[in-house]
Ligand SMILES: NC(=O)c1ccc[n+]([C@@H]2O[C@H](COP(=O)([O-])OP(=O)(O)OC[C@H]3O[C@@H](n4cnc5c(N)ncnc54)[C@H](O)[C@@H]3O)[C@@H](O)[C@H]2O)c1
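Let's start with one chain on its own, the form predicted on its own, as structure tokens.
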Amino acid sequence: MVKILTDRDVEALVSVDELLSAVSEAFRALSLGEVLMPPRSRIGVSGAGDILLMPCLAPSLKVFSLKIVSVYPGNLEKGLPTTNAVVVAVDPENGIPRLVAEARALTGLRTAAATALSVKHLARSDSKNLGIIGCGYQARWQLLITSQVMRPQRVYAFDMYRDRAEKFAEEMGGRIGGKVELCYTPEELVKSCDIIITATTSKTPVVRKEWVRPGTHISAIGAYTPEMAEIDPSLLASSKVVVDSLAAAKEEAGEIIQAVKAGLMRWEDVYAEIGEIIAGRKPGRLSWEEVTVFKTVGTAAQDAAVASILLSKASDK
């Protein structure tokens, strides 16, 4: 019998510790070639958005998963969610579908886990101030999960829609038990923070090189097409750049693609995949002064990680 899980079920079933452990294993296995993950298929719906198909077989997590996700930026103006998704989880031992889960929360959780792991391995241990650019649905998960890893003293937020930023600050201040301070410009936020998360669909950089202090860590999670770019290409070229998947980045990481095309850097200049650092094949941060950038476009291996948790919990019931 196939179990059906809602986003609320997913939130209730997945703990932070389980999440970080499973996603860490997914990244490790991905970088060591232990998962089968075909390239993500993207179908553009003219004038509306994108529909993505993301399959993955993860033997160490004992799951095959397929996520169908849509990203429709114009939904914001219609009062609808920008991102919607479902995941199908299949038992790889017998090929039987075991569950179908709404995946909006799942996507939020696994993407936030990627940022949290990048903070763990790349940010300075004395980082105190956390900033988030883009205050949509994903930003909520980013703050909730990342704050479990770094325990920020101050949190800053910026969104081009002021009312959305205000709503985010009010809601999340209560959820993290501390004040979320709003900034009037991205520059103000960047100059105030040790760790910066960008969660936008911008096609022009929202973080400029001249704003960034030495020792800053940036997690860029929003851009997922060659046309999108949240980070100044010149900043990327002068930073230690880590990706979730190099193969996926070459197809979808707009900031890096644009920096390479401009002759500012080469693909060989990408320092590592996060899984290589997790596996101990490469060190993370090497100095207090270096600027680190984690660029994630999202991988099906991360979806499989959360699906594996859900499968184990569903089996327990």
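All residue numbers are counted from 1 along the displayed sequence. Given the structure is predicted, the values throughout are model-derived calculations rather than measurements.
The following text describes the form predicted in complex with this ligand, which does not appear among the structures shown.
Distance criterion of 4.5 Å from any heavy atom to this ligand in the predicted bound form singles out I133 from the list A101, A113, I133, L130. Just one of S192, Q148, S238, T82 comes within 4.5 Å of this ligand in the predicted bound form, counting any heavy atom, and that one is T82. Contact with this ligand in the predicted bound form, defined as any heavy atom within 4.5 Å, is confined among 82 to 90, 119 to 127, 149 to 157, 170 to 178 to 82 to 90.
Heavy atoms of V242 never reach within 4.5 Å of this ligand in the predicted bound form, leaving it off the interface.
The shortest heavy atom separation between S234 and this ligand in the predicted bound form exceeds 4.5 Å.
Contact annotation for V10: none of its heavy atoms lies within 4.5 Å of this ligand in the predicted bound form. In the predicted bound form, Y184 stays away from this ligand, with no heavy atom inside 4.5 Å. Contacts to this ligand in the predicted bound form (heavy atom within 4.5 Å) from stretch 211 to 243: I221, G222, Y224, M228.
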